[in-house]
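Here's a solo chain for you in structure tokens, the form predicted alone.
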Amino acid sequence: MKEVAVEKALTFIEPGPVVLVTTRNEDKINVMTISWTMAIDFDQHIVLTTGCWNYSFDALMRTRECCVCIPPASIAETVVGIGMISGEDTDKFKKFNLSALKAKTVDAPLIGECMACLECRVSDYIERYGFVVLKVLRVVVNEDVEDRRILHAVGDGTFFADGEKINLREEMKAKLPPNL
């Protein structure tokens, strides 16, 4: 074993997938890239980290709703591009040729190029850490997206795409909640 800088800790434990979070602020829609996400229970609560440094944060806190969309690894450059500019002065849906689709339970749009989208409401905000706790209300899957690899940020500008799927459902059956 070789010791490395403590700042590298997050590159080994970066949480969930990179996601695209959509909001609607009156008539204006926006999308932001978030790389710090995680599930927190089996009651459809998830957490993402954001704050006032993101333009979409105001709309997220005011409307208390969003869509969390899971992009395929094949659009990684678009995902990074979305995160590198502000929606304050750029229509990111237009700039990146994203399809804004109508959601059923929230006003924020789904993204047609994503493999799945979760319609969510804000349950809580833990300001000290920028944790936005979301309750997932509805999930839609886009089976037309051929690339099913989920993108994960390492935290240093590099990414991994999921590879081989290992199915151990039968072995874990006793621990899995119904309908999962």
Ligand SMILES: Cc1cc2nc3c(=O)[nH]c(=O)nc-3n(C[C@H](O)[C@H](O)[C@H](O)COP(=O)(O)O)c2cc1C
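Residue indices: 1-based, along the sequence shown. Values in this document were obtained by computation on a predicted structure and should not be read as measured data.
One more form of this protein should be noted, the form predicted in complex with the ligand, which is absent from this view; the next part is about it.
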T50 within 4.5 Å of the ligand in the predicted complex, heavy atoms: yes
Within a 4.5 Å heavy atom cut-off, is G87 in contact with the ligand in the predicted complex? yes
Please determine whether V80 contacts the ligand in the predicted complex, using a 4.5 Å cut-off between heavy atoms. yes
The ligand contact at Y125 in the predicted complex, heavy atom, 4.5 Å: no
Within 4.5 Å of the ligand in the predicted complex, heavy atom basis, the matching stretch of 50-58, 107-115, 65-73, 136-144 is 50-58
For the heavy atom contacts within 4.5 Å of the ligand in the predicted complex, list the residues of 142-167 involved, in sequence order. F159
